[in-house]
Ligand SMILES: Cc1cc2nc3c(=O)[nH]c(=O)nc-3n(C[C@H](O)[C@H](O)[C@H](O)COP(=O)(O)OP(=O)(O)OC[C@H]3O[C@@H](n4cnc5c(N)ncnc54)[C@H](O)[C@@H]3O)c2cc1C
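Here we start with a single chain on its own, the form predicted on its own, put down as structure tokens.
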């Protein structure tokens, strides 16, 4: 493991694995992925897999363009993984419903609809009677909803397995339970061991700020998200549903994912009565019918947040060291475009989209 590599990627989540896979697409580089725990056991494992670039967009801008570009890449990205590995990551275009808030009027919803049409011409405005035809089990009292038919979902745990298998098939070396302590020019230090590489990519998510030697330091803080899933008979909801800070993601196998809290709790991943209680309460506010569904699983994860809510992507001040971290709740969505951007930077090409808003030097 002390041999020189062309690239070392720190972090084995969806972002890190997608980057490593992309960098090995022509088999010309030696790539090593190191992760502090098990591959894909961080934020990627905990994610719901809702791929909705416009879910929180109130205005345009570079970040929205980044999310839309990655969403457009996803079907080909997922299909390529299936062809290469045989692992279906559950990519499905079932659209998403964004329910109006209780204080939204039909006029405010209509104005939001007109705004969203600038970026998603296929968006539809649904009045309450139309909404009930689409999702008969909805009981939330709203004045309407926006339907985004192009939104997708994936099953993140399957996605990570597919990315890991693809990396292995392409010859990427993967090392788990390898906690990186320090990064310097051409060197990644793990305990008493030094790993050397021409290029180092920091994709370590919520743990990025713990790495010594980064210049500039990366102000990434963990944000805990508690999440659960329910078992349903069949598939009572046909599309993803978002209301306030809660959402449903229905899986084809009958699992209904309900998420998610957003808590400043450091690295504490414990499940709490308050957190799970909030999720169950919001779920029943969306549909009172879910109160009879059995709880299948409860879990939590740590999202890597930044002060301005934007990811950190680009060159650091240390020669050969790049950042691809701080994606917060958009890591699964932004994996394809981040991998493409990092490959361009390593190849000394211009990325397809401007990345100045995500520069590590902005802090």
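If you're wondering where the values come from, they're calculated on a predicted model, not measured in any experiment. Numbering follows the first chain given and starts at 1.
Keep in mind that the form predicted together with the ligand is not shown, yet the notes after this line are about it.
- prompt: Just one of 66, 32, 43, 54 has a heavy atom within 4.5 angstroms of the ligand in the model of the complex, so which one?
  reply: Among 66, 32, 43, 54, a heavy atom within 4.5 Å of the ligand in the model of the complex occurs only for 43.
- prompt: the ligand isn't shown here, but in the model of the complex which of 144, 250, 222, 225 has a heavy atom within 4.5 Å of it?
  reply: By the 4.5 Å criterion, the partner-contacting residue is 225.
- request: Would you check, heavy atoms only and a 4.5 Å threshold, whether residue 185 touches the ligand in the model of the complex?
  value: Judged by the heavy-atom cut-off of 4.5 Å, residue 185 is well away from the ligand in the model of the complex.
- prompt: If you check in the model of the complex, is residue 70 within 4.5 Å of the ligand, heavy atoms only?
  reply: Residue 70: no contact with the ligand in the model of the complex.
query: So in the model of the complex, does any heavy atom of residue 239 sit within 4.5 Å of the ligand?
result: Contact with the ligand, no.
message: Since only the chain is shown here, I'm wondering whether residue 330 would be in contact with the ligand in the model of the complex (any heavy atom pair within 4.5 Å).
response: So residue 330 counts as contacting the ligand.
- prompt: Residues in which of 44-52, 290-298, 23-31, 310-318 have heavy atoms within 4.5 Å of the ligand in the model of the complex?
  reply: One stretch meets the cut-off, namely 44-52.
- request: Quick one: name the residues from 176-211 with any non-hydrogen atom within 4.5 angstroms of the ligand in the model of the complex.
  value: Contacting residues: 178, 179, 180, 203, 204, 205, 207, 211.
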